[in-house]
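Here are two versions of the same chain, shown separately as structure tokens and labelled structure 1 and structure 2.
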Structure 1
Amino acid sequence: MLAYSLKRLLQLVVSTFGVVTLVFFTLRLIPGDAAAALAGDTITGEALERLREQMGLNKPILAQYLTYLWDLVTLRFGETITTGLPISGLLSQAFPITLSIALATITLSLIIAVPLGAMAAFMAHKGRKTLDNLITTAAMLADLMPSFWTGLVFLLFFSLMLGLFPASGMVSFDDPVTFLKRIALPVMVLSVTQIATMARITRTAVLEVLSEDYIRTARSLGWSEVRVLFRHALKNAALPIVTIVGLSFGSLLNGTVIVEFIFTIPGLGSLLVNGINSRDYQLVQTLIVFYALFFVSVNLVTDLIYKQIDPRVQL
């Protein structure tokens, strides 16, 4: 287990380094820079060059790259180029909000999708195709709906028409009830796709297990179908479900970018959009590296859970 963990940790370091390098050089291929975005049309010529010098943008790109790598290694995220605010402070404010949305989405999706997928598999195994086809078709249609479209529809229906949830306003942990109402719509929007994906994966995994010999043995012992389905079949179909949960949790951080922008949630997504619009290299680089590190860390934890569920899993 220790050797397996060390190998996966080494892969994490290599992946993160690749992402850091790719993001750094890709951002500098975009036309314009932070100085030009900050100056607008008011500063040109020598004044603009002096501004670039103050921001450190006139240094050779290799020197900027090495400086950035050293800052990451020493956990010095620096300050935003455009506002001068410490990036670590912005992350500490935005990340708990985004993480709360992601955790709530995963929890809601699991509660709905796993029983739904298991029931669809049971119906298909018993030859009752109507309900199985209905669940599968609904899941496929929901999976095709883009988040921005679902967000606008939910905003129109639940907020503007019914007035159940606020469409905007402050997001604070000081008032848990108001906070939950504020993130309810983003969680619902993100859950639509997650429920569809998890339900289909669960259905496929459980359906394969239901034909195994130990399932027939459990039935022959007189156990109820519910006990056989949820205690034995679902447990032995856990690996694909763990896979999709791990991937979904990591990708949710990416999905929150659009949803947070639509619902004006001050999370990592909104911070990233603002950084891109202002060409704030330091902020955008740090956020994307943070996204990547979180994603590969979730994959590492998922692999370690694999090893606990099934010791036969190899690197």
Structure 2
Amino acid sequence: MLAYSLKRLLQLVVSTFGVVTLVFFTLRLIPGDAAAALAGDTITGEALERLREQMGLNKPILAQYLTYLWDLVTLRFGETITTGLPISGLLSQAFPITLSIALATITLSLIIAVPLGAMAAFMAHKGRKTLDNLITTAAMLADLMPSFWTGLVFLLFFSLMLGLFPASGMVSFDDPVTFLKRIALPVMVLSVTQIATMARITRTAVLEVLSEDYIRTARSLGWSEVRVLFRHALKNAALPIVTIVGLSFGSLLNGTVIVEFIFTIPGLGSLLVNGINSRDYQLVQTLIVFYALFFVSVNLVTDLIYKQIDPRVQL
């Protein structure tokens, strides 16, 4: 297990390196460089050259790349071009917010989706189609609703019409209740998609397991259908569910960008959108790398969990 974890960690380092390289060279494709972006229309000619020199942009591209890599390894992310704020500071403020939204969404979704999916599968297996069809159709609809649209609809209903949750305001960890109320709507919006995905996967996985021979064995020993569902089917279906939690984390991250934008939450997503709008490439490139690293690490963790709970995998 340890050796496997090390190997996967090595893979993570390699793919991070790939990601960094890709991002670095792709951003160099942009016409006009960071200095020009920073300067805008105000500085031209010699002053712009001086700025370039200052930012190291006149060095050969390979040298710039190596400097950039070294900065990343030593965790020096530099400052934003436009505001001059340290990027590491921005990240350490924004990341906990995005992380709490993501974690809250996953927890809420699992609690709702797994029983729902298991129930649908159970009914489908017995040939009672009504409830199954209902859950399946609802899940399909929920899965396809664009999150920016769900976000606006929720905003309209829960915030503007019913006044249950605030749509804007400070986001601070100091007051947990206010914080939870503030992230409630974003979490709900994100959960709609996540619940749909997870319920569908749970249904498929449980349905698959229910027609396995060992389920029949358990029934032949006199166990009731409900016990067999919980003791055998869900335990076996846990493996694909864990995998899908990891994979759908990508779409969850996509969603955080949207909900943070709608509900004006100062997370990573808002930083990114602002960065792009102000053409702050230093910030954007750091953020994109950070997102990728985050996503890949989550997949690493779910992979390790998978290997841990499946006794058949011997490492």
Partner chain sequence: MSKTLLATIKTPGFHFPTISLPGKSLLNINKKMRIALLILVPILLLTAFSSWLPLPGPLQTNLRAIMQWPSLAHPFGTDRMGRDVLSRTLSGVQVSLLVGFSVALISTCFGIVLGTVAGFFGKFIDRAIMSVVDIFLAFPSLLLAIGLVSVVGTGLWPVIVAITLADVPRFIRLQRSLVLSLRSRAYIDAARTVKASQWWIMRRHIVPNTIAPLLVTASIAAAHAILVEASLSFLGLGIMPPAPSLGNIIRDGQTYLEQAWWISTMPGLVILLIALSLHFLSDGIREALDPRARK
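Here, residue number means position along structure 1's sequence, counting from 1. We call the rigid core the largest set of C-alpha positions that still match within 1.5 Å between the two forms. Quick caveat, the model's predicted, so the values are computed rather than measured.
Here the form predicted together with its partner chain appears as structure 2, and structure 1 shows the other form of the same chain.
The two forms, fitted on the rigid core, differ between structure 1 and structure 2 by less than 2 Å at the CA of residue 274.
Core-superposed comparison between structure 1 and structure 2: the C-alpha position of residue 264 differs by less than 2 Å.
Relative to the superposed rigid core, the position of the CA of residue 290 differs between structure 1 and structure 2 by less than 2 Å. Core-based superposition between structure 1 and structure 2 puts the Cα shift at residue 65 at 2.9 Å.
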